[in-house]
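This document starts with one chain, in the form predicted on its own, laid out as structure tokens.
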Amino acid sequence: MILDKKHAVVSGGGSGVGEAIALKLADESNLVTILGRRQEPLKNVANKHKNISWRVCDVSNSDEVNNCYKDIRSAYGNINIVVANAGVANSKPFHKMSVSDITSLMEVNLIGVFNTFQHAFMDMKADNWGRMISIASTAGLKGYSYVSAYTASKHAVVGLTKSLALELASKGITVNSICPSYIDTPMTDRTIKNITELTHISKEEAIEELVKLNPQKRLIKPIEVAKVVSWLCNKNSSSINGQNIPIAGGEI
């Protein structure tokens, strides 16, 4: 599945799913710019492929994203594909949550998606072609205990996806989200570590608890998400629009 050469932006591209997506798109001859808050992980990923460049950028800051896009646009041309992968997660009982627990998640998980999409819109409109893809979660499609703030933020992304897809449908731009269950990434490793520290169960038991709702009883691999991104960017996927695609072994 080879794409025509495009300029793709992948937020949260320094590890895990973002890294897998960047490498997959770069392997398909696209120019890829990865964004993140930390320089070293971004440099490490960029060093793995000649088609990948990097920029430090906080996607929750609209001005910072706008200035970043101006910079990379002058270097690599219009932005054709945006994969809003940057995200944060936490777990806390509802009665122990503060307002900052939910606003801090919304700033990255929702506002970050909004910013990465919006500042690329004019490029896509000018070219009459574009792909906006967010990496949401099964938590955007259902509820889970103890992660109400995270679930709310991902439901918001799903709502943004559905509405924006309708708004941009006549402009050659598709908007979709991918909704994985727990993925084998450093973020999930941190979740597993938190579980073991709080409950004193083993790492293996913690993983078993995380995957119990997945009928395949396993963590999702980052490359599985990356391949769906590649498919959504393919010229033959132009009718796939406004979808929130679960990668969850049949959970949803």
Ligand SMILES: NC(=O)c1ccc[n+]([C@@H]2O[C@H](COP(=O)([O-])OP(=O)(O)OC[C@H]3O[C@@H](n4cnc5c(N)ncnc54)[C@H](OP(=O)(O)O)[C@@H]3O)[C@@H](O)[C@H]2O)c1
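The structure presented is a predicted model; accordingly, all values stated were derived computationally and were not measured. From 1 onward, residues are counted along the sequence shown.
Below, we turn to the form predicted together with this ligand, even though it does not appear here.
Q: Would you check whether this ligand, in the model of the complex, lies within 4.5 angstroms of a non-hydrogen atom from each of Val9, Phe117 and Met124?
A: None of them does, since no heavy atom lies within 4.5 Å of the partner.
Q: Using a 4.5 Å heavy atom cut-off, indicate which stretch of 129-137, 163-171, 92-100, 70-78 touches this ligand in the model of the complex.
A: Going by heavy atoms within 4.5 Å, the stretch is 129-137.
Q: Taking this ligand as it sits in the model of the complex, is Asn176 near enough to touch it, meaning that at least one heavy atom pair lies within 4.5 angstroms?
A: Result no; Asn176 lies far from this ligand in the model of the complex.
Q: Given that the partner is absent here, does Pro215 sit within 4.5 Å of this ligand in the model of the complex, heavy atoms only?
A: Looking in the model of the complex, residue contacts with this ligand do not include Pro215, since no heavy atom lies within 4.5 Å.
Q: Verify the contact flag for Thr188: yes if a non-hydrogen atom of it lies within 4.5 Å of a non-hydrogen atom of this ligand in the model of the complex, no if not.
A: Yes - in the model of the complex, heavy atoms of Thr188 and this ligand come within 4.5 Å of each other.
Q: Check whether Asp58 has any heavy atom within 4.5 Å of a heavy atom of this ligand in the model of the complex, and answer yes or no.
A: Yes, Asp58 sits close enough to this ligand in the model of the complex that at least one of its heavy atoms falls within 4.5 Å.
Q: Counting non-hydrogen atoms within 4.5 angstroms of this ligand in the model of the complex, say which of Arg37, Lys221, Lys227, His49 makes the cut.
A: Filtering the options by heavy-atom distance leaves Arg37.
Q: So which bits of 85-118 sit within 4.5 Å of this ligand in the model of the complex, heavy atoms only?
A: Contacting residues: Asn85, Ala86, Gly87, Val88, Val108.
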